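Single chain ahead, by itself, as structure tokens, in the form predicted alone.
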Amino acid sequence: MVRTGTSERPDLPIAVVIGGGGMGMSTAKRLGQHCRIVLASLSADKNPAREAALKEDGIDAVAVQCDMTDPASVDRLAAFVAERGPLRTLAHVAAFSPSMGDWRTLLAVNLVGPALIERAMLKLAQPHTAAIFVSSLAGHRPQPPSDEVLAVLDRPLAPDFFEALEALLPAAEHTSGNAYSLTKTALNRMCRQRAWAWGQKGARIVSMSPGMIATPMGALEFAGANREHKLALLAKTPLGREGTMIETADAIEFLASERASFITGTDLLVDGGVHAAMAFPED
């Protein structure tokens, strides 16, 4: 029986977008041009409006609640995706900025959660599946962590992860800002380390590191304790402006596409050139 008044496209593959904030929604709208969208977010109360907004744009979309720091919740998401059809794209956008939580909260949301999602979605990967994890310019800090710290960051799902990391760092460094930087460094490393596992399924995994992007979360940082630091970074950005969520969606769409079919196990900086400017300051 022919149905009318619906944008359902059962013939399309699935794109899973983790995170329902500004960048998550812009990513869902872009990937929804070629995929059915499963939008996963912790904010169950906001999901109906997000789903409705995507459907109003003609996108076959469903928004579901998922706590990505809870293994059981992540497993339920993976089972839901498996029932709906083949996984074409995973875009992991969700993260907390430093002002949104404390040391352990940032470690859990920005690293433990992505690691759980990566392991669960790998089971659904097939040839041409692409996983994109949104990281940050903060993951490219000039002074990388010690080898001992990196070794702990490389195993975020270990039962003693938090305790092991805290034992290596002085208490003064157990801050949300340091956690943010450490988790983004670790996220970039995860995408390099896991490239072989994804490649065994003919699939790809990459990270994408935005710089100064005009998002609601970014606006919180400009209004908070990190304002001066953010303004200094903006002043050093060669293109002289923040990026837009349209531009980050462009990058994610490219990395997910067959145009990027030989790109895996690496990171793409989308930062207006600020990392280069800090490495090679103007004379």
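The model shown is predicted, which means the values in this text are computed figures rather than measured ones. A residue's number is simply how far along the shown sequence it sits, counting from 1.
The following text describes the form predicted together with a small molecule, which does not appear among the structures shown.
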ask   = If you check in the model of the complex, do 86, 132 and 265 all have a non-hydrogen atom within 4.5 Å of the small molecule?
value = no
request  = Name the stretch: of 143-151, 168-176, 119-127, 205-213, exactly one has residues whose heavy atoms fall within 4.5 Å of the small molecule in the model of the complex.
outcome  = 205-213
query = Taking the small molecule in the model of the complex as the reference, which of 93, 78, 112, 190 has a non-hydrogen atom within 4.5 Å?
reply = 93
key: The unique member of 34, 55, 46, 29 whose heavy atoms fall within 4.5 Å of the small molecule in the model of the complex   = 46
ask   = Any chance residue 21 has a heavy atom within 4.5 Å of the small molecule in the model of the complex?
value = yes
query = Looking at the partner-bound form in the model of the complex, is residue 62 within 4.5 Å of the small molecule by any heavy atom?
reply = no
query = Applying a 4.5 Å heavy atom distance criterion, does residue 136 contact the small molecule in the model of the complex?
reply = yes
ask   = Is residue 234 close enough to the small molecule in the model of the complex to count, meaning some heavy atom within 4.5 Å?
value = no
